[in-house]
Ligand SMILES: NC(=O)c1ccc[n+]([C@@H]2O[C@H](COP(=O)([O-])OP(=O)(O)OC[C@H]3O[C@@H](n4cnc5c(N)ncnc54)[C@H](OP(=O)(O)O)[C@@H]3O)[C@@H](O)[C@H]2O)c1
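Here's a solo chain for you in structure tokens, the form predicted on its own.
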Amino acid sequence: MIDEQRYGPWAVIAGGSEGVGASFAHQLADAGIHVVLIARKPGPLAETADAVRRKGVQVRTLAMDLLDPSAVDEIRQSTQDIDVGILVFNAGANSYGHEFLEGELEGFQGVIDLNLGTQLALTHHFGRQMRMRGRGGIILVGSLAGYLGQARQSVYSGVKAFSRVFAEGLWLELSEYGVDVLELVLGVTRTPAMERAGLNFDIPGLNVSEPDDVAREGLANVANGPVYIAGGNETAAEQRSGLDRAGLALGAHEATKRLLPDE
């Protein structure tokens, strides 16, 4: 169970309405930590908030598009009266999967702004507060995609690689102040977002994680940064870090085509 004294009394979860984000919310509530849930879709956000409130904690909701220029300021204003002990940034999805030259720069910029711009802004804001108090934790939800470039995911893979390296540097900077930083790397996970993307979870031998398990691993290892590979994907991450970049990229490309039959 996560330490309420170190990581409470409030948590902010960006991307907290479903999947891994909702699992984080429930498990933090089980530990007695109040939560601020941020998500784009009001319906699922309200449903998750109601379920989490029934555990006896306070819940605030912010239904917003994190790409809105006013989003970060609204989050700052809405949390200025509470003590945030943990930030979970779970909002970085591949919202624009196209071959680079076939897509529009505006679409790719959205992937960059969400996964980098908004993540950096919220980490900067809440990280400063945690450093001042001398306690807290930051969990940046990453992806195995950040270990290897892939067709139709070149920009997404790039920003996820940035997030992991950024987390390593931030971990070094904040550890002396009592603030933990963890890049929680996910593989294929049975989330609503991945289901909507059409992933084929039934491939023989495919390692598929469950959201509750991933969130549990993340909270159990928040102090074991800077990087934790969830769902038993350590071997996959190690393999993707090899030196034969061409061979690895080609092999991953074939695997992705089986995972996403429409690719």
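Numbering starts at 1 and follows the sequence shown. Everything numeric here is computed off the predicted structure, so don't read it as measured data.
Below, we turn to the form predicted in complex with the named molecule, even though it does not appear here.
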Within 4.5 Å, heavy atoms only, one stretch in 173-181, 77-85, 188-196, 97-105 touches the named molecule in the predicted complex. Which?
188-196
Only hit among 161, 120, 93, 72 for heavy atom within 4.5 Å of the named molecule in the predicted complex is 93
The named molecule: the contacting residue among 230, 39, 219, 35 in the predicted complex [heavy atom, 4.5 Å]:
39
4.5 Å heavy atom contact, residue 65 and the named molecule in the predicted complex:
yes
May I ask you to check whether residue 17 falls inside a 4.5 Å heavy atom distance of the named molecule in the predicted complex?
yes
So in the predicted complex, does any heavy atom of residue 156 sit within 4.5 Å of the named molecule?
yes
Within 4.5 Å, heavy atoms only: does residue 142 come near the named molecule in the predicted complex?
yes
Could you list the residues in 237-252 that come within 4.5 Å of the named molecule in the predicted complex, counting only heavy atoms and keeping sequence order?
none
